[in-house]
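One chain is shown next in structure tokens, namely the form predicted alone.
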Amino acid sequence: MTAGPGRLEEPVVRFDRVTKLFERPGEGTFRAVDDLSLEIHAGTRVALLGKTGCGKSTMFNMIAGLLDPTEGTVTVNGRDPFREFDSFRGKLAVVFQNDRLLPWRTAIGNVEIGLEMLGLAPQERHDMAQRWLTQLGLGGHENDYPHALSGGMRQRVSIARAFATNAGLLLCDEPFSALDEITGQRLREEFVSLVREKRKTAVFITHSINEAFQIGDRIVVLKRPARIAYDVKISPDLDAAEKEAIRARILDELSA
């Protein structure tokens, strides 16, 4: 929504005093998220950074509408993603750690999946999928099956699939961690460039400080059970000393 005079724009994602508990048979209650409040505004790239088991994935699943909070509220564009799951079709896209491609579909067929769900006509979705494959450097590979593509190429297909639906919110679950360093670095740069160019809002899960710096214009450091230990904006004009100070603070929080 457009902000009025003296009024802040409504956040795309809001956690309002959210707690998430899981019952473990024979072990009692596990607290994954603890009284968490967080707002993410349109056009930002937020890196959720923390150790394995700190609750990042639980937060991710609540934003995606796959889990509901035990206490508090989670809203996406002002609506409950768990109770109104179907209303988010085409408005939210996910890029997973693994490419999650269907092996019996070609590259272009995989990109078309979300467009089929949105009800686009066959030619329209074919043309849209082709445009995104070409933009991501896969022109000439549209009829290849996943087994014939490298890991980096498969992940490019999954990125094309996410962008093709024109969703305003992208959820990214360590999408480059399974790739070699050079391929991952190149794809991160391309992905961030596309997010900026298309003015998307993006939430990234990561456990890498370097990746958080490269991807995010805001880094939220989480400690178990998911609570905010440090929340910092990353400006492109930060000098080396400022970046090093932020990095040191992140390391302190993660090692505490």
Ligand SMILES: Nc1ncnc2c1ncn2[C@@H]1O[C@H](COP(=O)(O)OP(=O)(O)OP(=O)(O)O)[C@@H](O)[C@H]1O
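A residue's number is simply how far along the shown sequence it sits, counting from 1. Everything quoted here is computed from the prediction, not taken from an experiment.
Keep in mind that the form predicted in complex with the named molecule is missing from the display, and what follows is about it.
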query: Partner-contacting position among 97, 73, 185, 166 - heavy atom within 4.5 Å of the named molecule in the model of the complex; finding: 97
query: The named molecule: the contacting residue among 207, 200, 218, 227 in the model of the complex [heavy atom, 4.5 Å]; finding: 207
query: Contact flag, residue 214 vs the named molecule in the model of the complex, heavy atom cut 4.5 Å; finding: no
query: Distance check, residue 40 to the named molecule in the model of the complex, heavy atom within 4.5 Å; finding: no
query: 4.5 Å heavy atom contact, residue 32 and the named molecule in the model of the complex; finding: yes
query: Residue 54, heavy atom within 4.5 angstroms of the named molecule in the model of the complex; finding: yes
query: Neighbours of the named molecule in the model of the complex among 107-138 [non-hydrogen atom within 4.5 angstroms]; finding: none
query: Outcome for the Cα pair residue 180, residue 97 in the model of the complex, compared with this form (closer or farther; change of 3 Å or more); finding: farther
